[in-house]
Each structure stands twice: as structure tokens, then as C-alpha cells.
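Take a look at this one chain, the form predicted alone, written out in C-alpha cells.
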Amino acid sequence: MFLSRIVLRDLDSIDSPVSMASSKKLVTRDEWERKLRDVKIRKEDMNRLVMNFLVTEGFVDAADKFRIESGTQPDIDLATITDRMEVKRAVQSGNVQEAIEKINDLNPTILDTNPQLYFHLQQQKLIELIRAGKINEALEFAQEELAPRGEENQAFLEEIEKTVTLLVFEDIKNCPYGELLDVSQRLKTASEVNAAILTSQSHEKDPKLPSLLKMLIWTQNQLDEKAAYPRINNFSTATLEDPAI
């Protein structure tokens, strides 16, 4: 990533004897690898990047082992990761009330100061009632718990209407909002909960590695317009592939 940005900046000064019909400059593998060697990245910075990913994504055992092996200290108490993951798993399994109770045990101010998160948890609870076929209970819950929030917030009202629409269709496949019953909806709510807990602990809500990979992809796309160079196509192996000439 750093190399691609350097090449973007210094591309005009690249001394390449090989030209292409498209007028793109060709960066040879030798030259590319030489520039790679010139980029200095501290091992400590790489270790912190790995620890950030492990902590944010909730890999508590891996984070603890990495702490011991690398000497890299996490910026939060690893014990809190276990609590956070229990909340996340509760939402993912549809146990919304359990998740709410666990959140309040962790930090009661999280839901008090985040009405949108609390609404989405209540909405997820309604979805779970509909999923279980508890129609009367779902209608009562929507009227007593969600309707008052919809009166105060137009966006909430629209979400309530979409969710209640699930009750109208016997065959969910025909419902325009059937995706609310997909597992992806649980994962979306769980991710929002995870981010809120991390924020309450003064920790980034998203890991840095995915953002860096997105930056790498963007940088390579920009560089593609100006040069042919050994690029990374498979990010799982990070193997450099020679450009097609």
C-alpha cells in the first residue's frame, strides 16, 4: 500500500526503458522489489495492527496468545472482549432480551445514550417474535413498545411499518421486506451492538486492517491507469503478479 502511493507520487521519475503501446509506464519486478525494500515499516506497528484486529473482532484467545508471544499490549482489558462477544452471540442467536440485559450489565449508559441502537434491538425483538409465529405477542409488542418511538421519529416509524408488513404475508418470499428475517439482519444488529460497546470503551469500532486493504485496492486501481507493475491480485497470499505486456 505504501509502495503504491510512493509510485503514484514518483511515477514521472521512473526510469523504465520499456514502453507500452498504451503509453503506460512499465515497472519491472526488480525495480518494484527494490522500492519495496526501501519502505521501512516497524515490526511494532505491524504487531499493533494485528492486535487491533484481534481485539476489535473479538478473538480473545488469539489476542492473549499474541500478547504473550509478541509483547504487544492491547488497549483494553481482554476480559471485556468475552463479555462483548457474549452480547454479540446473544443477538446473533435471536436472544435479544438477553443481549439487552447483558449490555446493561456491561454499561447501562450505552442504551440510554443511543436511542437508535435501542430501537434496532427492539425491532430485532419484534422480528424474532414474528419468526417464532407469536403473532398476537408481536402485535402487542409493536403497539406498546415500538409505536410510541415511531411517533417521535419518522425514520423509526418507517422501520416499524416495514417490520409489521411481515405479518401480512403468509409466504414471506412474497413480502418486499422478507430480508428482515434473514440471518444477515441479525448480523447487522449484532455488528451495531458490537460497535456501540467498543465506542463506550474508547476503542475504534472498526478494525484498521480492512480499511487498509480498501486503501490498497483503491491505490492499485489508481496506479493501473498510469503504469503496469507487479500487483497483488490475491490478497489472501499477497503474491506479486507480473504485469501482462
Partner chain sequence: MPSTASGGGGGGAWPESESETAAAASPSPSPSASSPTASYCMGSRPEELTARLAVNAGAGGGGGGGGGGDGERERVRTLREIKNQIIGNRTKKLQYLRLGAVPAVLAAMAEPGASPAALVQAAAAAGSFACGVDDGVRAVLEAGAVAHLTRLLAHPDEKVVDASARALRMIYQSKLAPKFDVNNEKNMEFLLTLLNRENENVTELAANIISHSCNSSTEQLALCAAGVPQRLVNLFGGSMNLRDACLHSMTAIIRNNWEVASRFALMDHGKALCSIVALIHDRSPRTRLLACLCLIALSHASPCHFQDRQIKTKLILVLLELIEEPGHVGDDAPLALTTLIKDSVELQKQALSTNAVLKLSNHLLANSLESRRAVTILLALAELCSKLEESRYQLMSVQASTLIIDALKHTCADIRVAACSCLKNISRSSKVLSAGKLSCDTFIAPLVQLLYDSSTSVQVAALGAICNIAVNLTPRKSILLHSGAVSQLVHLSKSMDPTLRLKAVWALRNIMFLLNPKGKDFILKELTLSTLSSLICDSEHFVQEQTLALVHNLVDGYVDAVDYVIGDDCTILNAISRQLNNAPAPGVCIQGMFVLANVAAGGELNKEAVMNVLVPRRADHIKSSFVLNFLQSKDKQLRVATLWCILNLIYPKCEASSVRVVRLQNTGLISQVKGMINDPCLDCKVNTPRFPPVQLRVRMVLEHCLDNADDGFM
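Source: prediction; values computed, not measured. Positions refer to the first chain, counted from 1.
Keep in mind the form predicted in complex with the partner chain is missing from the figure; the text below concerns it.
The shortest heavy atom separation between Asn95 and the partner chain in the model of the complex exceeds 4.5 Å. Mapping the unseen interface onto this chain, Gly71 falls outside it, with no heavy atom inside 4.5 Å of the partner chain in the model of the complex. Although the partner is absent here, Asn174 lies well away from the partner chain in the model of the complex, with no heavy atom inside 4.5 Å. A residue is said to contact a partner when one of its heavy atoms sits within 4.5 Å of a partner heavy atom; Arg131 fails this definition for the partner chain in the model of the complex, lying far away. In summary, among the residues Met85, Ile76, Leu106, Leu139, the only one with a non-hydrogen atom within 4.5 Å of the partner chain in the model of the complex is Leu106. Taking a 4.5 Å heavy atom cutoff to the partner chain in the model of the complex, the contact residue among Arg67, Lys188, Lys208, Arg48 is Lys208.
Segments offered: 86-94, 162-170, 148-156, 131-139. Contacting the partner chain in the model of the complex at heavy atom distances within 4.5 Å is 148-156.
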